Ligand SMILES: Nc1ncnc2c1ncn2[C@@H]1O[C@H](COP(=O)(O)OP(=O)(O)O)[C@@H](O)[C@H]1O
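Take a look at this one chain, the form predicted on its own, written out in structure tokens.
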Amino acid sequence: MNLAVKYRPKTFSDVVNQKHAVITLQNALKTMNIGSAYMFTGPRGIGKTTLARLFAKGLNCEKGVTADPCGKCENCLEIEESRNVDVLEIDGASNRGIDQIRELRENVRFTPLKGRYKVIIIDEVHMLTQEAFNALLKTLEEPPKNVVFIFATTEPNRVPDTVKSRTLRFDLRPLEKQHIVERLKKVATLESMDFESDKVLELIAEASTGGLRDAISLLEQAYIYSQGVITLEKVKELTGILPQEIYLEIFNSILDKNSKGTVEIIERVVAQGYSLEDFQKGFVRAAEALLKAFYGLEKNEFTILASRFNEFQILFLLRVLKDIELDLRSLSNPKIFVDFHLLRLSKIESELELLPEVNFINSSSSPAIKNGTAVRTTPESLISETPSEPSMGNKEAPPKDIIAYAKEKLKLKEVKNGPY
């Protein structure tokens, strides 16, 4: 079926959650204030190429340059199907050399054959070589009349500044969960797909990480996999998303300082066939929900549990999550290190065991750990208190040495607004 292609937005009004880009492009078409080069950036599946095609339709629609292309004329239909002779779609990954760009430069010298504008869409433009960018730069500096370049990229940092400075840039945003759920519900209704409850669509939206194309593709895959009603259990099996109960168990083990229980949980997760990457991604989502519940930003399944944490534990949890992510990227056998980081969480005070009397939270309202007990600190207490048994065997260590060691121990960095 390929529902992601079938339900790709056909008009500007169909585009979801990119209001800033849609309004600007429509206003440009209304006022005939057409730029020579545009750049759409953002993660995959959020509408970069779709917006490029819609803008090309607005430029070449048979009813005239318009902010509301008809979508029915020959030019609009050909652009929609990627077969219009005046709208060239180029894959930057496979056409990245200087020879291809030279050929393109020769091509844009000629006037459009059927439309008003020749539109060059280069997808994943960051994949072009430096030589190709240099060749393209000359054309951008002196653009031919009635030629519009549209670049799409997921990695704008890899595009030379000299090229970016000659484009009108739009940073497209990942879609919010509720917007994805609404579109999925519409697609499911039009395709007569039965699903167990809205929680099915919410889980699909969560797994798509803000990309509508991925969400619709996953909905189609779940429908084929389920062979009938799409159930929550089937979607969990398909996406590898761990049940939230797993993370509730982990958070309880952290609070109870149950090291053995924490390791047993990860052993069970692996035995059930989940990957460590699946576990880590789910852990990040659970930590985000815990963080929001802790600060009262939303009520969720972690709200009651969040009241048992203090701010220091929340911050340390986020720090350890970052360490887990880095190890999963760089190590060939990271399982033992995942165990290690989870043990760190269940023995949170051990990070400060060499400095038991020093409070590291520079806030009068934030709890810190002192001899295993949450206490309140003030900025002055950080300087005034000295350890009963200072590290390095130096019982007369001055406060500045304690601070230096603390910064090294916790890998704190200095900023302009304070020492930490």
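Everything numeric here is computed off the predicted structure, so don't read it as measured data. Numbering starts at 1 and follows the sequence shown.
Beyond the structure shown, there is the form predicted in complex with the named molecule, which is absent from this document and is the topic of what follows.
Novice: Could you confirm whether Arg183 comes within 4.5 Å of the named molecule in the predicted bound form, counting heavy atoms only?
Specialist: Output for Arg183 is yes: heavy atoms within 4.5 Å of the named molecule.
Novice: Residue-level question: is Lys30 within 4.5 Å of the named molecule in the predicted bound form, judged on heavy atoms?
Specialist: Answer no; every heavy atom of Lys30 is more than 4.5 Å from the named molecule in the predicted bound form.
Novice: Is Cys76 one of the residues lying within 4.5 Å of the named molecule in the predicted bound form, judged by heavy atom distances?
Specialist: No, no contact at 4.5 Å.
Novice: Though only this chain appears here, would Cys61 touch the named molecule in the predicted bound form if you measure heavy atom gaps against 4.5 Å?
Specialist: Cys61: no contact with the named molecule in the predicted bound form.
Novice: I need to confirm a contact call. Of Ala188, Ala132, Leu212, Ile150, which residue comes within 4.5 Å of the named molecule in the predicted bound form, counting heavy atoms only?
Specialist: The option sitting close enough to the partner is Leu212.
Novice: Are all three of Leu248, Leu321 and Ser346 close to the named molecule in the predicted bound form, meaning a heavy atom of each within 4.5 Å?
Specialist: Per the other structure, none of Leu248, Leu321 and Ser346 touch the named molecule.
Novice: Heavy atoms within 4.5 Å of the named molecule in the predicted bound form: which stretch in 226-234, 264-272, 213-221, 293-301 meets that?
Specialist: After filtering at 4.5 Å, what remains is 213-221.
Novice: Mind listing which residues of 271-310 have a heavy atom within 4.5 Å of the named molecule in the predicted bound form?
Specialist: Sequence-ordered list is empty.
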